[in-house]
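Only one chain is shown below, in structure tokens, and it's the form predicted alone.
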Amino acid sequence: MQFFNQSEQLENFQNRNKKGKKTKMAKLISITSGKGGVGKSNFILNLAIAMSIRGKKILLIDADMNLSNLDILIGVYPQFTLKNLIDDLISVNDLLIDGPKGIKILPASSGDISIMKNTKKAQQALIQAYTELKPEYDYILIDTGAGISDYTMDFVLSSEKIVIITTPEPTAITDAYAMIKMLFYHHKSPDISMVINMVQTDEEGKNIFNKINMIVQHFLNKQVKHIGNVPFDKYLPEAVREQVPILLKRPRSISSANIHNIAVSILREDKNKE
């Protein structure tokens, strides 16, 4: 598997900014999954809102070239698309849209055949976009496509932190492990955390994580972290239909509380590293 040269480009960009020690650089977090249908986009949108509520400046990048939908989840239809940026018709700031609670979203171009045929060019445009924007935010969250394609893996491997979403479904668990295995194969020590989504109970989520981590320890001699579970929420379909994030639609629900706890966990871990 040959990855594009994204990680090297990001490293060069970061090195150029080391001279100005006071320059703020956003931490890059990829939210990914082994398969689709695990609730990744809903999770990342609500996680971004929870982090923004806590005073962090958040940029959310939709890097799924096939089925991007972050803008649809909040009922906003962008005036411009990623293709406009690629064709040098707009600036990166023209592409940004306002999201709930002060977050900014850089939308993709769902189903654009020309982009799907040339993902390398799209990827290079996104690289340039978030390297330009990195000094302006505290966190940049990337919603990747599902699976282990070159395009997805390159984004994930360039991140400082990786959050893998899975569900209790056996296929989702198997594919999540495949993603973990690929990450450790291509990177000696990636910072991998897991969230188990759509669980019936917190205990179920803990048991699923423990099984996955046990397999990772046995076959890879590595470990991953568990930063929380999100329970199945019967109100989520209603929130999606109304294009209102569950954190705002049902702020007192258990799922909202758990997403807030995950946001706090991520922010606390980063603070402890300072």
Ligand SMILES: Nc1ncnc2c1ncn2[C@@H]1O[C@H](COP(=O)(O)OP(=O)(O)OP(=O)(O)O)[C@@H](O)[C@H]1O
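Keep in mind that what you see is a predicted model, and the values were worked out from it rather than measured. Just count from 1 along the sequence shown to find any residue number.
Below, we refer to the form predicted in complex with the ligand, which is not included among the displayed structures.
Contact with the ligand in the predicted complex holds for none of Ser30, Ile164 and Ile227, as no heavy atom of theirs lies within 4.5 Å. Shown without its partner, this chain lists Val240, Ile212, Ala26, Ile53 as candidates; in the predicted complex, only Val240 has a non-hydrogen atom within 4.5 angstroms of the ligand.
Not displayed here, the ligand is kept clear of Ile58 by more than 4.5 Å at the level of heavy atoms in the predicted complex. Proximity of Thr152 to the ligand in the predicted complex: non-hydrogen atoms within 4.5 Å are absent; the residue sits far from the partner. Heavy atoms of Leu236 reach within 4.5 Å of the ligand in the predicted complex, making it an interface residue. Remark: Val38 counts among the residues lining the ligand in the predicted complex, judged by a heavy atom distance of 4.5 Å or less. None of 192-200, 79-87, 175-183, 132-140 except one has non-hydrogen atoms within 4.5 angstroms of the ligand in the predicted complex; the exception is 192-200.
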